[in-house]
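Taking the form predicted alone, here's one chain by itself in structure tokens.
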């Protein structure tokens, strides 16, 4: 097996496992089932990832890296005002959840089942979250000193953003079924809530 085909197979296993974890949950998905769906033997999954937990952690890590890289994309944030940066963070976080609507419940379930996953994730991501939060926190201090935003911490802001966006997507499957929303209505709802969540966060920041 050459290097390119190895990477292709590893990526196929990751993508297949992610879909199966999302559909069935971690506990109800076995490496045997993943191998069958991929069309390879179980030994190959063991070769790449050793255990189902390592396979899940690889997916977990990639999603959080995507989150931090897109939400705090310096090329997008560089020339924006502080409030426009916050608007970008709210919208980008919302869009990532919209692209991966089943991921929040899977992550919340697994963190509840295995809280040690958070420590593993932090070790794997190294200093990425701390560095990004530190940069934004310093800018926030400047805004507070200038009287442009209320006295709060950047962690407070992030909790508000994450809580608002996550609440919608954890409740969305129930809302869609109860209200019997069609695709057009769902699209309208998401666009409306995206804008409303931005307004709520910006209102929270006003001095």
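Just so you know, these numbers come straight off a predicted model, no measurement behind them. If you superpose the two forms and keep the largest set of C-alpha atoms that fall within 1.5 Å, you have the rigid core. Residue numbers count along the first chain shown, from 1.
As for the form predicted together with the DNA, it is not shown, yet the points below apply to it.
Between the DNA and the residues 57, 42, 37, 160, the one pair within 4.5 Å by heavy atoms in the predicted bound form involves 42.
For the residues 148, 63, 52, 70, the 4.5 Å heavy atom test against the DNA in the predicted bound form is passed only by 52. Among residues of the shown chain, residue 48 is one whose heavy atoms approach the DNA to within 4.5 Å in the predicted bound form. Put simply, residue 30 is close to the DNA in the predicted bound form: some heavy atom of it is within 4.5 Å. Put simply, residue 9 is close to the DNA in the predicted bound form: some heavy atom of it is within 4.5 Å. None of 135-143, 161-169, 22-30, 174-182 except one has non-hydrogen atoms within 4.5 angstroms of the DNA in the predicted bound form; the exception is 22-30. Relative to the superposed core, residue 53 shifts its CA atom by 2 Å or more between the shown form and the other one. In the core-superposed comparison between the shown form and the other one, the C-alpha atom of residue 142 has shifted by less than 2 angstroms.
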